[in-house]
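A single chain comes next, written as C-alpha cells; it is the form predicted alone.
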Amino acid sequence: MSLPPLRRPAPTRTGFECDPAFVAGQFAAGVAVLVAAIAVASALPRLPWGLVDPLLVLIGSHPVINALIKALTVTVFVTVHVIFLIWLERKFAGWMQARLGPMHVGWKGALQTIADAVKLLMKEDIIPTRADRILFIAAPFLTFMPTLLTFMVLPFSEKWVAYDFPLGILFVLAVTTNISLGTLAAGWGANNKYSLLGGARACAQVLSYEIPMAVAMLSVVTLEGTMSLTEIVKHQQHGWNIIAHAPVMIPAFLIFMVCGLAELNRTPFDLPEAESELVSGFHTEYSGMRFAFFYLGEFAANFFTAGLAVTLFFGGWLGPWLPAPIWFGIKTIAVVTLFMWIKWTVPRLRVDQMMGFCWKFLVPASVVVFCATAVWVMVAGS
C-alpha cells in the first residue's frame, strides 16, 4: 500500500515579507510624525511666553517653590522619556533580530510600555521572609535617586538647565558613584546568593570603570578649562571637541563610551544581572514597582550618559535652524541608539575579562590620553 505524497504547507507570511508599498507607507508615516514633532517643537519658542513672565518672577523669588518646580519638571521628564526609550529599545531589538517586537497594544505597540507600567503597579509587593527589610526597601530608591539628581545639571540648552553648577562634572562623578550602593544593598538585603553575587559584581564593576571614565572626562576639563557643562558646550561654538581636537578627543570618547556601557550594566558588561549565571542578579527577588524603579533608573541613566557624551564631545545643543533642545535630543537619541546597537550585537564578557580589560587597558589608556591632552593644550597655547 503506497502512502499518499506529502504536501508541503503553504508558506506563511511574516511581518517582514510585506510588499514594498506597505514598507514605503510605514516609512512615510514615520517621516511625517517626525516632521510634525519638529514643527511643533520649533513653534514653541515663538509662542507669547512673555505673558507668563510675572509668574516666573514670582516663582524665582521663592527659593523653595523654585526648587520644587524644577525637581517636579525633571522627575516628570525622566518618567516620560523612559517610557519612550523602553519602547524604542524593544522595537530596535526586534529589528536587529528580524522580528516585530511589541505590536498589539496601541499603534505598532506604542502603548505597550504604559501597559507594562500599569501591570507593575498592580502586582503584589513581595518581600522575602529572611530579607533585611530596611535595605531591601531602600535599595531601589538608592539606585534611582542618584540618576535623578544628575539630570539637574544636564544642559538641554543654555537656558534649559535646572542648576548650572560651576563644578557640574565633579557633581556628576560624585553622585553617580553612589549608584553602586543601591545595587549592593539590593544584593545583600535580599538574602539570596545570586542577588549577593550580582550586587558584588555591580559594586566592583562601577567602582573600577569609574576611574578611566573620570580621567576621560578630566581630559575634556583640561581642554576646556572649566567643569561647568554649560560652559563646555559654549566653548564648542567653533567646532565640536571630537572634530576640532580629534587626535585626543576621539580616544577620550571611545574610553568614555566603553566605561559608560559598564556603568550602565549593559551588554557586554551586564554581569551584575547575567541571567545565564545569576537568574536576574541583584534584583532577582524584586517585583512590582520596586523592580520598576531599577528599570527606570537603568534607562534614565542610559539617556543621561548619552546626553553627557553629547555635551562633552558633540557640541551639546549647538546646531543650525532647529531649537537648541531639539538638537540636543536628536544627538542624544543617536548615542542611545548606538548603545542599543552594541547591546544587541556584542556577546557578554566573563567577569575576569571585564575586570582585566579595565585595569590592564582602560586605566593606562585613559592616563595616556589625559597626558596627551595636556601636551595638546600646551602646544595649542604656544
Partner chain sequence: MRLIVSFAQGFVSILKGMAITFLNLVGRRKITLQYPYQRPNVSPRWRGIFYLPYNDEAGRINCVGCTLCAQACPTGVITMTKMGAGKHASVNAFTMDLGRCMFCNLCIEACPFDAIHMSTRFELASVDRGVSLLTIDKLAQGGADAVERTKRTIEAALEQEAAAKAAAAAAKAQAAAGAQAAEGADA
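Predicted, not measured: the structure shown is a model, and the values here were computed from it. Residue numbers count along the first chain shown, from 1.
Keep in mind that the form predicted together with its partner chain is not shown, yet the notes after this line are about it.
S.K.: Are any of the heavy atoms in F361 no more than 4.5 Å from a heavy atom of its partner chain in the predicted complex?
M.R.: Judged by the heavy-atom cut-off of 4.5 Å, F361 is in contact with its partner chain in the predicted complex.
S.K.: Mark T345 yes when one of its heavy atoms lies within 4.5 Å of a heavy atom of its partner chain in the predicted complex, and no otherwise.
M.R.: Yes, contact at 4.5 Å.
S.K.: Could you tell me if K119 has a non-hydrogen atom within 4.5 Å of its partner chain in the predicted complex?
M.R.: K119: no contact with its partner chain in the predicted complex.
S.K.: Is there a non-hydrogen atom of W341 within 4.5 angstroms of a non-hydrogen atom of its partner chain in the predicted complex?
M.R.: It does: once its partner chain is placed as it appears in the predicted complex, W341 has a heavy atom within 4.5 Å of it.
S.K.: Just one of F92, W240, F294, F165 has a heavy atom within 4.5 angstroms of its partner chain in the predicted complex, so which one?
M.R.: Selected residue: F92.
S.K.: Of these, K123, K159, R99, R133, which has a heavy atom no more than 4.5 Å from its partner chain in the predicted complex?
M.R.: Among K123, K159, R99, R133, a heavy atom within 4.5 Å of its partner chain in the predicted complex occurs only for R99.
S.K.: Based on heavy atom distances of 4.5 Å or less, which listed stretch (144 to 152, 208 to 216, 78 to 86, 100 to 108) is in contact with its partner chain in the predicted complex?
M.R.: Answer to the contact question: 100 to 108.
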